[in-house]
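So this one's two forms of a single chain, laid out as structure tokens and tagged structure 1 and structure 2.
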Structure 1
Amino acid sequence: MLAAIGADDVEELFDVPDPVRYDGTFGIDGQSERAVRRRLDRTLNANADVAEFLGRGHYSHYVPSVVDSLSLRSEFITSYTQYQPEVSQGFLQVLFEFQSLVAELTGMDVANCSMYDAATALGEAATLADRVRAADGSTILVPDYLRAERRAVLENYADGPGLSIREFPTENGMVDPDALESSLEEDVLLVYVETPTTDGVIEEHLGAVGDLLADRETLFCLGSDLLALSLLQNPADVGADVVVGNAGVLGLPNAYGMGIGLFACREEFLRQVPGRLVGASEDADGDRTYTLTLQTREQHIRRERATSNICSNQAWVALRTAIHAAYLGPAGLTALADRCTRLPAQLAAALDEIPGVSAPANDAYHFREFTAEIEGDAEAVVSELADRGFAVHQRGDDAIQVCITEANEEHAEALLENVREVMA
């Protein structure tokens, strides 16, 4: 084979540049397959087996087996990105259904095929605001509860076009409309608000935020997720211009890494949407067909006019999300979302009866998760709970955060019993 392509040896075939070439040895002794399997089993068995009550952007929901069965069909699996000439009508239809699902749940006119995650979707919303708004400035206004990881991604996005990030204060985990209005200077391009927040608080002042921004050159960007949007206020009805967030709450097990974002906006920003949009049409015989309609990236249009370098991103994951949502249907989605409000309320009430625990810390309705104040050393409480097989978040010196869904509710009584013993 080397002779056929005119190379003398493997070194010439790969031609690895010296600056990135590794000439050392890895020092790994060869082992049999059985030995490797035994070693892997020992390593995996060393993992902590704990009941997780963790959230803050990563949520576990039961994924029905039909999602695996359909999404793993060979028709949907390829080893590389599918572009227009190769992508099947079936896959395009699924992506169209995903877009339709996002558009319906957000009330927005336009939704794209998916984003990498909620953080990159927020970054794209910021750069979109920079392109479409005529405000005399470059400030992105975010709440003080924005997660550090999400803010770090936003700062990376903002660095290129020279945008600046500024925080506005919140009260009781929600927007204080008066404080937000005081922060609204003429240089603000976009205001970002979440519901539910990463503390699990359901925002009650979305309408007030929409009213504040209605007559300004400032975009209203709302962060949420598809399951929460099945139950909470419709973003379009409260004046949101762009909706971003996490779509991976459906169709994906919790992997603490891989995700899928959503991005939807008003029609006037159609040609500024990052990524790809699938449209429906008719072929020469009058049959319904699907096609990649808009791809505003530099591979398809001039670099100067490209809106983003986002391309196919999470198409297969969007497929899983669409299957899960279709399986649940409208009634199933709202029933599951309703459960995500009842379970944290019940657990918080039970924790609040334990001496030394005050829950929830925010006097608000919650979705999936809440913060509880702890009398004493929160780090010690979290550590002892972990030793007993329960994982919760530590929030500062005197608070913990607990997330509960249908995926871990069976462990709630055991968690309560162990918190009582730890706090005694």
Structure 2
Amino acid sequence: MLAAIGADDVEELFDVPDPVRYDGTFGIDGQSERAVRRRLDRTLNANADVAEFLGRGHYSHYVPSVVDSLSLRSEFITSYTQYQPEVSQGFLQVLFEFQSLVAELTGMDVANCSMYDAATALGEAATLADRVRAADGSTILVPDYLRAERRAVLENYADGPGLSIREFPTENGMVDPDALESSLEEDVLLVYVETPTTDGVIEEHLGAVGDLLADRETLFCLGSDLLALSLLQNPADVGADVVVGNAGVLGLPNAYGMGIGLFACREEFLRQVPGRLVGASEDADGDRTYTLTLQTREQHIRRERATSNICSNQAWVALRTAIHAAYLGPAGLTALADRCTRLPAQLAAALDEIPGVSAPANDAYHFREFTAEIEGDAEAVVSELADRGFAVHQRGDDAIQVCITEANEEHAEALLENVREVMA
């Protein structure tokens, strides 16, 4: 090969001036495949073996084997963005089906084929509002229960266009329509509301929020997740303009926060949607085919005028989500979602019987999780539970938060037993 090029040595091919040449030593010893596996297995097994009752936006549901089996097929996992649609029909159809799933569950006209996660999807919704709304100002209104991490991401997305974030107060873990109305000045571009909230509360005032915003230059952005949406109110019916959230509740276990965000909106914002869109078309034979479309919004064509800088997205996770949803089907999805309302109610009732525990803290229906008030030092209780093999969230000085799904319910009895002992 060198002879064909006319070089004597590979080093000749490097057009790097001497002062910036590097000698290639990083102090990293290469290891055999087997050694790397053993080492990383051992390292990761230093993670404590605890039963996780953690949620707050990141959830674990049982992922059926069919998801790994199909998503790891090498034609899927070793392919790239579908820049040549003629050889990428398989993945394009998957993404088209994913968009359709999101459109059905959100009730929106248009869904893209993934965002990084729920927090970045919210950030993109804020900048979309800035592009499409003529409101005389630049305020993004968020509830006081918004997770600090989501707010921090939102602030970074809002920084460029110069948007400011303001909080509105909530009552009993959900929207107080009167308080929201008095926070709604003319300068508000977008109001964000969650259901379920990251405290697990199912919002009961979505219709009132929709009514408040219906005739204003303010977008109604709803945060949710695909499983909850199979059961809870249809966002389109309550007047939502944009729906964002976590799609990775299906297809991925807890992966230290790795996920996939969903983004869907009304048709009128189509040309302002961030990220990739797959559309149906025809090929030269007139057969139905799929292709990436409306790419003139994207960074590789519009550059600094693009709707977003997204290039790599979470396509493979979308494949896993689509397979998981299809495996469950509509009845399976709603049955699982229904279970996610019964399990926290049962666990809260049992915790409430333990002296010193009052659960749930909010008088509301819950999805997967709830907060519980604790008499005494919540930090000490959480730490003691961790020592006993149970991970729960600490919320301030005198509350904990507990998440339960079909994936950890087998440990519920043991958790109750240990809380009883710790509180005694």
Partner chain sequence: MQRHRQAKWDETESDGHEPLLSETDLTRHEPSDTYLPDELTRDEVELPSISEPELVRHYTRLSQMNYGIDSGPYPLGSCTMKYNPKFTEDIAGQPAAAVHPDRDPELAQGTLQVYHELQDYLSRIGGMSAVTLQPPAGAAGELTGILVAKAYHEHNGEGDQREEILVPASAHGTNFASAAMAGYDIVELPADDDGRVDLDALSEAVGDSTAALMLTNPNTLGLFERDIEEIATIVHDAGGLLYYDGANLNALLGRARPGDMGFDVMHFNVHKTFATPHGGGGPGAGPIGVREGLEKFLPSPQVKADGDEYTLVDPDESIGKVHGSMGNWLVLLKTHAYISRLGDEGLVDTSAKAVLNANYLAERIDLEVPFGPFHHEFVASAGETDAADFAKAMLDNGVHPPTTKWPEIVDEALMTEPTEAESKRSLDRLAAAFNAVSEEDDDAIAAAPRMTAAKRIDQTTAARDPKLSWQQLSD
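Basically, rigid core = biggest C-alpha set you can superpose within 1.5 Å across the two forms. Numbering runs along the sequence of structure 1, starting at 1. Computed from a predicted model, the values in this text were never measured in an experiment.
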Q) Do you think the form predicted in complex with its partner chain is shown as structure 1, or as structure 2? A) 2
Q) Quick one: once the rigid core is lined up, does residue 26 have its C-alpha move by 2 Å or more between structures 1 and 2? A) yes
Q) Does residue 41 count as moved between structures 1 and 2, where moved means a C-alpha shift of 2 angstroms or more after fitting the rigid core? A) yes
Q: Note yes or no: does the Cα of residue 413 move by 2 Å or more between structures 1 and 2 after the core is superposed?
A: no
Q | Cα displacement of residue 12 between structures 1 and 2, core-superposed (Å) | A | 8.0
